[in-house]
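A single chain, nothing else alongside it, follows as structure tokens in the form predicted alone.
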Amino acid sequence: MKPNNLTRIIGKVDDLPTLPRTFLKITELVNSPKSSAQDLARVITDDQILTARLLKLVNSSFYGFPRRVSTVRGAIVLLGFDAIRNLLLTTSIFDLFSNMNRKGKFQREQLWDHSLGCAVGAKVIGGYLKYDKIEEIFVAGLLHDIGKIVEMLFLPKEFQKIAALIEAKDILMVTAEESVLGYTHAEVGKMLAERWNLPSKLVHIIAHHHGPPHAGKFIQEAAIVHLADILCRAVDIGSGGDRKMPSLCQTAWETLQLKVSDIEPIVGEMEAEFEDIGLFVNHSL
């Protein structure tokens, strides 16, 4: 790790995208104990695209509610403030990167599919563990490799060198990143998450999805994303940028307390839900 090198290169990407004002206002309302569902609904309905996507998602098989939800306020009452914020964060981030340079579109689509697969995997694993904040762990899975997209878009020359090294030596992307940049996508992702003022839990998961024991009190969440990442690679959902399988962290596995026999049904559910999630996310990247 070369902190000076990280600072120098990150200095080139001062134009990293910021989250839209609507989402920042939503976050402000979610964090305020004085806010009502009506207050939150008023802000969301001012944005027609967010409104349409939220209603589409809440009525999709992702949730499977028996009756159709027709109003934003109804969605908020059903899902809760935190869930709404996390779901809208997903669409906001997707939009940010879909509007960028079209070069390398296929590669970004593969990476996005991997991230989306990891998000679905985290959701499924969370369900097995009866984790109570499913939307939050879904978003964590979606963002775990956000640093790779930043590298691809803002450090294209360095990213090409990383890809060439992976191709030549058949190594993990994190190994190639350390060799070329002196840091990894996990550190870049942490920096971006902090820039966006995302919750501390998300920052820690992004930073430590390859080493959950370093995530401190968020080790369980980091372990969920860690396992989801590996399972996603195992069944070839998208591409994480290399052809290697990272080692499963023994401490992470012990933290989750899953059985080996759980893996097959988890993978089956992952693959089925990955198809369903196309109901609200498409290849815009």
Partner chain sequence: MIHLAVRNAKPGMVLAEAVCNLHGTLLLKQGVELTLRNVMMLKSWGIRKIFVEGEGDEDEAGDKKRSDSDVAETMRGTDYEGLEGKFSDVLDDEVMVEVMRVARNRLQRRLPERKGNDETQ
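Residue numbers count along the first chain shown, from 1. Computed from a predicted model, the values in this text were never measured in an experiment.
Just so it is clear, the following notes concern the form predicted in complex with the partner chain, a form of the same protein that is not shown.
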* To do: Indicate whether the candidate residues Asn86, Val139 and Ser200 are all in contact with the partner chain in the predicted complex, with contact defined as any heavy atom within 4.5 Å.
  => no
* Find the only residue in Ile166, Met191, Val180, Leu153 having a heavy atom within 4.5 Å of the partner chain in the predicted complex. => Ile166
* So which of Leu40, Ile219, Ile230, Val69 gets a non-hydrogen atom within 4.5 Å of the partner chain in the predicted complex? -> Ile230
* **Glu187 within 4.5 Å of the partner chain in the predicted complex, heavy atoms** => no
* Asked: How about Leu111: is it within 4.5 Å of the partner chain in the predicted complex, going by heavy atoms?
  -> yes
* **Non-hydrogen atom contact Gln250 with the partner chain in the predicted complex at 4.5 angstroms** => yes
* Asked: So, in the predicted complex, is Ser239 in contact with the partner chain at a 4.5 angstroms heavy atom limit?
  -> yes
* in the predicted complex, which of 129-137, 76-84, 191-199, 153-161 comes within 4.5 Å of the partner chain (heavy atoms)? -> 153-161
* To do: Determine the residues of 242-264 with a heavy atom within 4.5 Å of the partner chain in the predicted complex and present them in sequence order; the list may be empty.
  => Asp242, Arg243, Lys244, Met245, Pro246, Ser247, Leu248, Gln250, Trp253, Val260, Ile263, Glu264
